[in-house]
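Have a look below at one chain only, the form predicted alone, in C-alpha coordinates format.
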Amino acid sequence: MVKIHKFVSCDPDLCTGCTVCEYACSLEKDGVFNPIRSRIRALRVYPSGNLAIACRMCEDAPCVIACPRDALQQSEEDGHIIVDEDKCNGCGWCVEACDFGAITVGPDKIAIVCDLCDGEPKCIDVCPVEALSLQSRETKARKSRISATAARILADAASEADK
(Lines give C-alpha, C1' and ligand atoms only; values in the text may rest on other atoms or scores of the structure.)
Protein backbone atom coordinates (compact mmCIF):
# COMPACT_ATOMS: atom_id res chain seq x y z
CA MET A 1 0.00 0.00 0.00
CA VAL A 2 1.32 3.43 -0.99
CA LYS A 3 1.48 5.86 1.89
CA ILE A 4 0.53 9.44 1.13
CA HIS A 5 2.90 11.91 2.69
CA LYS A 6 1.35 15.20 3.74
CA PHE A 7 3.26 18.42 4.20
CA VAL A 8 2.63 22.01 5.22
CA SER A 9 1.68 23.93 2.10
CA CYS A 10 1.36 27.69 1.71
CA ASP A 11 -1.06 29.57 -0.51
CA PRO A 12 1.06 32.48 -1.81
CA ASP A 13 -2.09 34.42 -2.67
CA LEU A 14 -2.95 34.53 1.04
CA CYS A 15 0.48 34.65 2.74
CA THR A 16 1.36 38.11 4.04
CA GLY A 17 4.89 37.18 5.15
CA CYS A 18 4.07 38.03 8.76
CA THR A 19 6.41 35.24 10.04
CA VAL A 20 4.01 34.23 12.83
CA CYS A 21 4.49 30.65 11.58
CA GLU A 22 8.23 30.87 12.22
CA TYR A 23 7.77 32.16 15.76
CA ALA A 24 5.13 29.52 16.57
CA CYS A 25 7.41 26.77 15.25
CA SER A 26 10.46 27.85 17.22
CA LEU A 27 8.36 28.20 20.37
CA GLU A 28 6.83 24.74 19.89
CA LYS A 29 10.09 23.00 19.08
CA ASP A 30 12.70 24.86 21.12
CA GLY A 31 10.70 26.91 23.62
CA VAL A 32 11.96 30.25 22.23
CA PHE A 33 10.68 32.92 19.86
CA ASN A 34 13.55 32.72 17.38
CA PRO A 35 12.92 32.36 13.63
CA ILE A 36 16.42 30.97 13.15
CA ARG A 37 15.23 27.87 15.02
CA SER A 38 12.06 27.54 12.93
CA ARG A 39 11.33 24.52 10.74
CA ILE A 40 9.27 26.69 8.37
CA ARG A 41 10.65 29.67 6.45
CA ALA A 42 8.69 32.75 5.43
CA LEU A 43 10.16 34.16 2.23
CA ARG A 44 9.58 37.36 0.33
CA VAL A 45 9.56 36.58 -3.37
CA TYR A 46 10.17 39.98 -4.87
CA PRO A 47 8.15 41.46 -6.52
CA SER A 48 5.39 38.88 -6.60
CA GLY A 49 4.67 38.21 -2.91
CA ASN A 50 5.32 36.01 0.07
CA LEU A 51 5.57 32.31 0.67
CA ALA A 52 6.27 29.97 3.57
CA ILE A 53 8.30 26.83 2.91
CA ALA A 54 8.49 23.64 4.96
CA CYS A 55 9.67 20.10 4.25
CA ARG A 56 7.75 18.43 1.39
CA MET A 57 8.26 14.93 2.79
CA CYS A 58 9.73 13.81 -0.57
CA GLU A 59 9.70 10.16 -1.48
CA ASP A 60 13.29 8.91 -1.43
CA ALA A 61 14.22 12.19 0.25
CA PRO A 62 17.40 13.66 -1.30
CA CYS A 63 18.45 15.06 2.10
CA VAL A 64 18.51 11.54 3.56
CA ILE A 65 20.46 10.20 0.61
CA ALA A 66 22.98 13.06 0.76
CA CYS A 67 23.82 12.68 4.46
CA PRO A 68 27.32 11.18 4.70
CA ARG A 69 26.84 10.21 8.37
CA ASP A 70 23.42 8.55 8.06
CA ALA A 71 22.09 11.10 10.53
CA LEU A 72 18.80 11.50 8.65
CA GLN A 73 16.08 8.91 8.27
CA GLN A 74 12.61 9.16 6.79
CA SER A 75 9.64 8.02 8.82
CA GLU A 76 7.81 5.18 7.13
CA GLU A 77 4.60 6.33 8.82
CA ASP A 78 4.26 9.88 7.53
CA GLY A 79 7.47 10.65 5.63
CA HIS A 80 8.88 13.23 8.01
CA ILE A 81 12.64 13.43 8.37
CA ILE A 82 14.13 12.23 11.63
CA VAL A 83 17.45 13.80 12.62
CA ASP A 84 19.80 11.78 14.82
CA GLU A 85 21.44 14.62 16.74
CA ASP A 86 24.28 12.36 17.91
CA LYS A 87 25.29 11.62 14.31
CA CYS A 88 24.62 15.03 12.68
CA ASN A 89 27.67 17.29 12.52
CA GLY A 90 25.97 20.14 10.63
CA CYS A 91 27.92 19.56 7.42
CA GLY A 92 25.03 20.95 5.34
CA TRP A 93 24.91 18.29 2.63
CA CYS A 94 21.21 17.88 3.39
CA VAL A 95 20.67 21.61 2.87
CA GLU A 96 22.34 21.45 -0.54
CA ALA A 97 20.32 18.38 -1.52
CA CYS A 98 16.88 19.82 -0.70
CA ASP A 99 15.21 21.18 -3.84
CA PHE A 100 12.80 23.25 -1.76
CA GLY A 101 15.18 24.94 0.69
CA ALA A 102 13.22 23.37 3.50
CA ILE A 103 16.03 22.03 5.67
CA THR A 104 18.57 24.17 7.48
CA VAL A 105 21.37 23.82 9.96
CA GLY A 106 20.51 25.54 13.22
CA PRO A 107 22.68 27.51 15.61
CA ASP A 108 23.55 24.25 17.41
CA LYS A 109 25.06 22.90 14.14
CA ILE A 110 22.32 20.29 13.87
CA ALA A 111 19.99 19.91 10.86
CA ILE A 112 16.48 21.13 11.55
CA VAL A 113 13.47 20.15 9.46
CA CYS A 114 9.69 20.09 9.88
CA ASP A 115 8.38 17.03 11.70
CA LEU A 116 4.69 17.99 11.36
CA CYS A 117 4.26 18.37 15.14
CA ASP A 118 2.83 14.84 15.42
CA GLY A 119 0.32 15.56 12.65
CA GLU A 120 -0.95 18.88 14.02
CA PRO A 121 1.48 21.58 12.85
CA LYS A 122 1.36 24.62 15.12
CA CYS A 123 2.21 26.94 12.22
CA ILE A 124 -1.12 26.07 10.60
CA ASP A 125 -3.00 26.76 13.82
CA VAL A 126 -1.55 30.26 14.22
CA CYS A 127 -1.55 31.52 10.63
CA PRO A 128 -3.74 34.64 10.82
CA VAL A 129 -4.83 34.47 7.17
CA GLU A 130 -5.16 30.67 6.89
CA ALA A 131 -2.49 30.53 4.18
CA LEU A 132 -1.08 27.27 5.56
CA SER A 133 -2.67 23.86 5.25
CA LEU A 134 -1.71 20.21 5.43
CA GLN A 135 -1.78 18.75 1.93
CA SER A 136 -0.55 15.77 0.00
CA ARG A 137 1.45 16.09 -3.20
CA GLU A 138 -1.54 14.68 -5.11
CA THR A 139 -3.96 17.25 -3.64
CA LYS A 140 -1.56 20.09 -4.40
CA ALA A 141 -1.15 18.90 -8.01
CA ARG A 142 -4.92 18.60 -8.45
CA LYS A 143 -5.47 22.16 -7.19
CA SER A 144 -2.74 23.46 -9.51
CA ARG A 145 -4.37 21.76 -12.51
CA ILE A 146 -7.77 23.23 -11.60
CA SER A 147 -6.28 26.72 -11.23
CA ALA A 148 -4.45 26.44 -14.56
CA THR A 149 -7.58 25.24 -16.33
CA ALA A 150 -9.69 28.03 -14.82
CA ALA A 151 -7.10 30.63 -15.87
CA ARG A 152 -7.04 29.26 -19.42
CA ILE A 153 -10.86 29.31 -19.64
CA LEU A 154 -10.95 32.91 -18.38
CA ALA A 155 -8.24 33.93 -20.84
CA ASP A 156 -10.11 32.28 -23.72
CA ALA A 157 -13.35 34.00 -22.65
CA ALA A 158 -11.59 37.37 -22.47
CA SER A 159 -10.05 36.79 -25.90
CA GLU A 160 -13.48 35.97 -27.38
CA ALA A 161 -15.00 39.08 -25.76
CA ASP A 162 -12.32 41.28 -27.39
CA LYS A 163 -13.23 40.07 -30.89
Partner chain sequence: MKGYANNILYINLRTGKTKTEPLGEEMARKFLGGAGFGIKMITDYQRPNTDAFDPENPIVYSCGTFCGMMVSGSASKWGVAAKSPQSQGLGESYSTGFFGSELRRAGYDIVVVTGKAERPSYLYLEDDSVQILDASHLWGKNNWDTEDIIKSDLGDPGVRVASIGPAGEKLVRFSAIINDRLRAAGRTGMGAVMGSKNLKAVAVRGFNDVEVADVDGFKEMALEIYEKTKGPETEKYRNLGTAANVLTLNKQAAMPTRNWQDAVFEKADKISGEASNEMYVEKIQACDSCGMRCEHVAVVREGPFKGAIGRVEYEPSYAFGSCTGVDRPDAIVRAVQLCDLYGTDALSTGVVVAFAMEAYEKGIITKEDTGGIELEFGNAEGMCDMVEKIALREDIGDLLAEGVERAAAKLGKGSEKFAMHIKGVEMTGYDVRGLKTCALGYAVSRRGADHQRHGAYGPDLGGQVDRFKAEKGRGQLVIDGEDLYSVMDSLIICKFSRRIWDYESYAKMYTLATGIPMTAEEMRRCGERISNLGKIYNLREGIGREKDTLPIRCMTDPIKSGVAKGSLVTQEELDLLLDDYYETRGWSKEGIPSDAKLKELGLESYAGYLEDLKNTDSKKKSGKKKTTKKTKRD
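Model, not experiment: these values are computed from the prediction. Numbering follows the first chain given and starts at 1.
The protein also exists as the form predicted in complex with the partner chain; that form is not presented, and the subsequent description refers to it.
Within 4.5 Å of the partner chain in the model of the complex, a heavy atom is found for not a single one of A54, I65 and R69. The stretch in contact with the partner chain in the model of the complex, judged by heavy atoms within 4.5 Å, is 128-136, chosen from 56-64, 128-136, 109-117, 93-101. When the partner chain is considered in the model of the complex, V105 lies well away from it, no heavy atom lying within 4.5 Å. Taking the partner from the other structure, the partner chain in the model of the complex has no heavy atom within 4.5 Å of any heavy atom of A155. At the 4.5 Å threshold, heavy atoms of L14 reach the partner chain in the model of the complex. In the model of the complex, no heavy atom of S9 sits within 4.5 Å of the partner chain. If you take 6-45 and check each residue for a heavy atom within 4.5 Å of the partner chain in the model of the complex, you get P12, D13, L14, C15, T16, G17, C18, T19, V20, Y23, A24, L27, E28, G31, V32, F33, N34, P35, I36, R37, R44, in sequence order.
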